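Included below are structure tokens for two forms of one protein chain, each presented in isolation as structure 1 and structure 2.
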Structure 1
């Protein structure tokens, strides 16, 4: 099958696809319902997927609600991102043992598992590409990220609806997956049935698809899949004019709006924890009480914490104003200087999971409006 052609899978075919990946030795990870949210975890079958569920999102608001159909991917994005698996929240780097005769240091071994991600949205593909550039693109490659990222099999899902806080169209990151995947699915649920229109983008994707019962998509089915994405693009919950945001923010470092947002921001770091591109970490050493064993670990950190910019004499960014400004200007402006792309993919997680509903699109709009008065 030519990579430009589209195929059709049934529900049963999707289950066979998951089975084929497991038989190839992949650890299959995808969306599932837990703790009243859609999270990413190990998937054994299609019964683990969030069938018939969707999410309602707004600033500081997230709720699961039932759908009126049996869609498996009829939601947007939840609190988890794929960096949870590629760039773990807590990672032991090495351990050491003191046996009375000397110290033996043992580096943490690379994981021996290969990931297969199912349900990766277009904005998340862009986020993975951004983290690829951060961890793999420079002179100093992160071996821990590389070990998890290499040989990963990615099944994207084109969005069938936009969330209340999504703005991927503004960031040119969605809702249709265009690169960075092996297979891409568009779920079509209608009177004529429940199917998945599939596009294969790599040889690995074609090889796996060949093991799964499928047929070529008709023109009507291909048009229906395209219509799903078009309708999603037209119903974004937010928008942000991002063409000039780099210059806008850097010439407004002393804008009074930073004081306004500081009065609301709790500096809780929720936005950085749920962001699929934030990558900051700290390193910690620990030992047991007998001082016979010790270890060094890396954990996620945030520019919102006081300790993150602490140097001798105090924190460089001691105020809420300075910490929020650092996060937002790095995400939308100086990330471009550092890595050549924006650090934002328009997923809207930082808006949804902010306890006080601070909206990054509104902050940009307010700063832009302030220049016109």
Structure 2
């Protein structure tokens, strides 16, 4: 099979694929149900996948509900994103031993595992590509990110449905996975059975696929897979006019709408924690009581905290208005200046997981509308 041709896997074939990855030494992680949400965690078998579940999402709203079928990937994205593996929430950077002679600093060793990600959505592939630019694309490279990223095996899944807060079509990031994966699956559940139409994009993907029983897809199967994605694209829950949003926001830094959103925003930082591209971190040092050993850890941080912008004397962004503005203008505007790409992939997590349902697409619309009056 060459890369242009599509293959078909059965459910059993998918299990064999996961086994093949594990045998190659990968730590296989993917979606699973925990705490009434679909999260990303270790997957021992396809039984760990959220079979027969879907999610209902809206501003500040997330519910799992049962499906009428046995689909394994019949939902959209949950509170987790793959950054929890590639850019861990808490990571020791180094430790130091102090003795009479001085200090010896020891860098944190690379992890001894490599990841296989199962069920990465198109928006998430874009999010990974965006974090690649942040951590690998500049003058300095983050060795921790690189160590986790470079050997990761990625199985994408083309979304079979759009969530209530999805707007990847607006951001040109989905729903069909186009790059950044080894294998991409489209789940087709119908009267004729339950199959996965597979596309291989890399040699690594082809090699693994070769170890798994599969057959070539028929034209009808390929068409069915294509129509799944087309239907998803046509049913986005949200929409954002994004091509001029950079200029729009930067000429509206004093728009009264920021005061309005500040009335609602709790500055809880949920949006930044669930965002698959937010990369900000802080560091903290610790030592034992005798100061014989010390270490530094890096922890996810958020521009919604007061400490984030603290310089001696106080915080630069003391008001919630300025902190929300910082987050949104960074995400949608200055990110482009910094990394040549938007920081938003239209996954909708910030809308769903906002406790008061602030909707980034609605905020953009309100600012845009304010210019019409």
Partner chain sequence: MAPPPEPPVHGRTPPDPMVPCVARVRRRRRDAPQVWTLDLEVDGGDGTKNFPFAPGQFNMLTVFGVGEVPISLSGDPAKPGCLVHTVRAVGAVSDALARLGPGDPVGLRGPFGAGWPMTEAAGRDVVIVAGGLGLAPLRPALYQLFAGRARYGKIVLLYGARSPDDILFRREIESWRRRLDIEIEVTVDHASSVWHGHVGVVTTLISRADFDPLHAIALVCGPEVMMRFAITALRHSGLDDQSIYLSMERNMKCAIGFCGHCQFGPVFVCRDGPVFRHDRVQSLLALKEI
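Given the structure is predicted, the values throughout are model-derived calculations rather than measurements. C-alpha atoms forming the largest set that superposes within 1.5 Å between two forms make up the rigid core. Residue numbers count along the first chain shown, from 1.
Q: Given that just one of these two is the form predicted alone, which number is it?
A: Answer to the question: structure 1 is the form predicted alone, whereas structure 2 comes from elsewhere.
Q: For residue 294, decide whether the Cα shift between structures 1 and 2 is 2 Å or greater, given a superposition on the rigid core.
A: The answer is yes, as the C-alpha of residue 294 shifts between structures 1 and 2 by 2 Å or more after core alignment.
Q: Against the rigid core, is the Cα displacement of residue 96 between structures 1 and 2 at least 2 Å?
A: Comparing forms between structures 1 and 2, the residue 96 CA shifts at least 2 Å.
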